[in-house]
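Let's start with one chain on its own, the form predicted on its own, as structure tokens.
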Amino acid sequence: MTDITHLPPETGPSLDLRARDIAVAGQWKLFWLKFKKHRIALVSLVVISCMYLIAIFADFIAPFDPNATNARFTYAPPQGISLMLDGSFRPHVSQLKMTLNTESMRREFAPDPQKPVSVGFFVPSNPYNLLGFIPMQTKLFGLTDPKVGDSLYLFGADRLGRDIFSRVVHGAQISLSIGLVGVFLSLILGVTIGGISGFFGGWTDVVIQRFIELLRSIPTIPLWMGLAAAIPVGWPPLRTYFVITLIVSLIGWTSLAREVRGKFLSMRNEDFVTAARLDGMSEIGIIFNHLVPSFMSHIIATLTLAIPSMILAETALSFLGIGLQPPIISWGVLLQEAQNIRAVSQAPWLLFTPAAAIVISVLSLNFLGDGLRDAADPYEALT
């Protein structure tokens, strides 16, 4: 029950009403009341929710096929959308005009205001399956009446003329989901193995801790490189994705297991554990029904802060060329194209666009984790 002595200094019926509402509030309502005080965490929750929605509906949101090439627009710069044309509301982009720089022998693009290209919402497209099973022939936005030579590159194009915006949107499916899957595996392994180690102790604790120390003593990057190099080249992309997820999760569970073990060691002799044991509850039931919920705030904080680590690990592996490889699209794969300094100097959006997506997602997840940790802390006063 919340200590009402920490309530703000109000007087009269409003204080009594608020105190009564808090006194009878359930656990989840108290959790929400404390969480919504963290404005940054709320904003981060909205940002992360939008990013995951974009990843889920990537086929509908991306205006083009992420692997479609166009040699006419190699390294085409980003095109800005203008909303007004001739005094009326008409979203459009200016057609790109290509010229050859005879000094550098490079193609250069410049917008031609005299040739507007109309952009609209819910435009027809080639058939595709939304979420893999819903037949669709509509995109969220795109060119309303595309003709030969028309283009729409919101974030520019790469060396093959592929739309960077569409590739970043599709890359979110892999980069964001690999964090969730990896954290889920780490949660199962960390809580189960760490709980068994701390609750039973003895030789069980010794064996598990020595195994954890062995894993933690191996340098992370060389271990990942060795395991990733062992993946057969001919494997299908989906199987490669799950193996990379397992590799990323291989080390992540050890720190959580150590923390869970320490909590269990300090609480396994508490009165409520003894009462549950005398009531006939099994040891596994005590672990998952009493001990784990007692420090759920720490687990929530650990998991939300682990998702960015998983995303960065996948990005690092793919960037180094030992993780996911084309035709799979992830933010790390997109950053591979930024390894060429000449390409980045000519098309800096190849680096900035996927890097911005990674930075925004990682920062938002970290801020969200801080807010969830404080909201789930039973010692945090509701003020």
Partner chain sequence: SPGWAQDYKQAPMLEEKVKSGALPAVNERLPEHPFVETMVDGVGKYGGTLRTTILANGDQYNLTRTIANELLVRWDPQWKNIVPSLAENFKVSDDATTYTFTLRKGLKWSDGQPFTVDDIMFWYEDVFMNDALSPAKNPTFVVAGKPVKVTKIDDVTVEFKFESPYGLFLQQLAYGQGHLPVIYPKHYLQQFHEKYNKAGIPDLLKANPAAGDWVALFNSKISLTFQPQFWQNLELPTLNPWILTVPYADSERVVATRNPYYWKVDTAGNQLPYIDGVTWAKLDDPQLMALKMTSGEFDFAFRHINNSTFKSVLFDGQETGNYRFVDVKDLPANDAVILLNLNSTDETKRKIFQNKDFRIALSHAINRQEIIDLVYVGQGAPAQVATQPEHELFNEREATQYTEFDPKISNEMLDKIMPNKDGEGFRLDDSGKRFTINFMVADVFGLSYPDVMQMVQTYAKDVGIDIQIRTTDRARLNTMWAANEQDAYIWNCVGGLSEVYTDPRCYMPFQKADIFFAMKWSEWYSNPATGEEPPAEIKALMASYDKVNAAVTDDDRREKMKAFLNLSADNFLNIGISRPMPKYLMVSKDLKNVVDGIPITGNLWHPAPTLTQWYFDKAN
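Numbering follows the first chain given and starts at 1. Keep in mind it's a predicted model, so treat the numbers as computed, not measured.
The same protein also has a form predicted in complex with the partner chain, omitted here; what follows describes it.
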| query | finding |
| --- | --- |
| Listed residue that, although the partner chain is not shown, lies within 4.5 Å of it in the predicted bound form (heavy atoms), from L246, L130, L83, L100 | L100 |
| Heavy atom within 4.5 Å of the partner chain in the predicted bound form - residue from F122, W235, F184, F242 | W235 |
| Partner-proximal stretch of 224-232, 134-142, 88-96, 173-181 relative to the partner chain in the predicted bound form, 4.5 angstroms, heavy atom | 224-232 |
| The partner chain contact in the predicted bound form: S49, any heavy atom under 4.5 Å | no |
| Partner proximity in the predicted bound form: G161 to the partner chain, non-hydrogen atom cutoff 4.5 Å | yes |
| R268, heavy atom within 4.5 angstroms of the partner chain in the predicted bound form | no |
| 4.5 Å heavy atom contact, A71 and the partner chain in the predicted bound form | yes |
